[in-house]
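What follows is one chain in structure tokens, specifically the form predicted on its own.
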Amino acid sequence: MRLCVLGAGAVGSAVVELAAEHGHVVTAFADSESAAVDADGLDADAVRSKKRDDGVVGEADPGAVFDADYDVLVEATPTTLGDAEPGFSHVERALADDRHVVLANKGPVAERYADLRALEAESEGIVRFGATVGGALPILSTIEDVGPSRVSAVYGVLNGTANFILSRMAAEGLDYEHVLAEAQDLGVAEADPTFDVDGTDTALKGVIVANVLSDGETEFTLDDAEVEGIQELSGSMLDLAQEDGQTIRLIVEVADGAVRVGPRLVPENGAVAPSGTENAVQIEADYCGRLGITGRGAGGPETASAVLTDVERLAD
């Protein structure tokens, strides 16, 4: 497949780097200020080096990518809330041109799901977004394979930054601010970690799951989620939990037509108490019982692998 990749952050750059290993060619690559286009396929090392050294991926205008010869648009620009722009417009343009779309950007799926599906219905293109929930973890594809109507609940840990902080607080008896600073030093937490620690990132993923489970009957957005973060937790709270063989994790629960996110008591060595930056999700489904998925839920190569898996599903 010929790929047009929008977004030159960790995920977009990793898609460009790994595409050839999966048998695909990147013919267009853009950041917010520039683009590189080559019908024969871009040199991945060259465009990534140019971005690193010069701050741009090429000499063309970003809009030039839509005139490139491509089969799949990979939308990996930063997630935005509300109108989900500019990501949504990128998707709209690709579908209007009857191209497929693979999203790593959560915004269009979480905030404008009905609009996204309406555009898809009018296009020859297909939209896939497995990378938006759990990075490399096959959460949405498992729901797809089982059948959304057979899934009664999805719950677990879907943010590695929050999980790292809570894991360290529990293991070392440290307070939130101390561990947050450590996480920032290690590059696990952003300079502004609000999206992760206040539950927004986790809620967006929960909303996407809810939209998939609803299968068009009800549209969910971030405003429909009940969200509480981890900023007010203290080390002593985790110490008390450990005395009873429990710990605290930032848990998302999608069930009974609702999305809830907040700190929850869970068994200390249980299925949804992963350590470090790992994610862990349980899917409850008819005939299957409880399915567990655990692993790396974020990171450039990890999320890029999910993007490329979606591309391969489109190629089948």
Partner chain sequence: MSEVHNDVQAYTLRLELVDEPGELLRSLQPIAEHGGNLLSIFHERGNVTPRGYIPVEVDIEATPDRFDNIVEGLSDAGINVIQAGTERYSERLTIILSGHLIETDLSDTLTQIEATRNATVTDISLSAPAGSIDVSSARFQLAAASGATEEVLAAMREIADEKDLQLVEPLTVGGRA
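All values reported here derive from a predicted model rather than from experimental measurement. Numbering follows the first chain given and starts at 1.
Form predicted in complex with the partner chain: not shown, discussed below.
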The one option of Asp244, Asp83, Asp215, Asp192 with any heavy atom within 4.5 Å of the partner chain in the predicted complex is Asp244
Go through Ile283, Ala35, Ile248, Ala280 and name the one with a heavy atom inside 4.5 Å of the partner chain in the predicted complex.
Ile248
Verify the contact flag for Ile126: yes if a non-hydrogen atom of it lies within 4.5 Å of a non-hydrogen atom of the partner chain in the predicted complex, no if not.
no
is_contact(Gly257, the partner chain) in the predicted complex, heavy atom dist at most 4.5 Å:
no
Within 4.5 Å, heavy atoms only: does Asp98 come near the partner chain in the predicted complex?
no
Within 4.5 Å, heavy atoms only: does Glu228 come near the partner chain in the predicted complex?
yes
Pick the stretch from 153-161, 86-94, 132-140, 193-201 whose residues have a heavy atom within 4.5 Å of the partner chain in the predicted complex.
153-161
Residues of stretch 230-244 in contact with the partner chain in the predicted complex (4.5 Å, non-hydrogen atom)
Glu232, Leu233, Ser234, Ser236, Met237, Leu240, Ala241, Glu243, Asp244
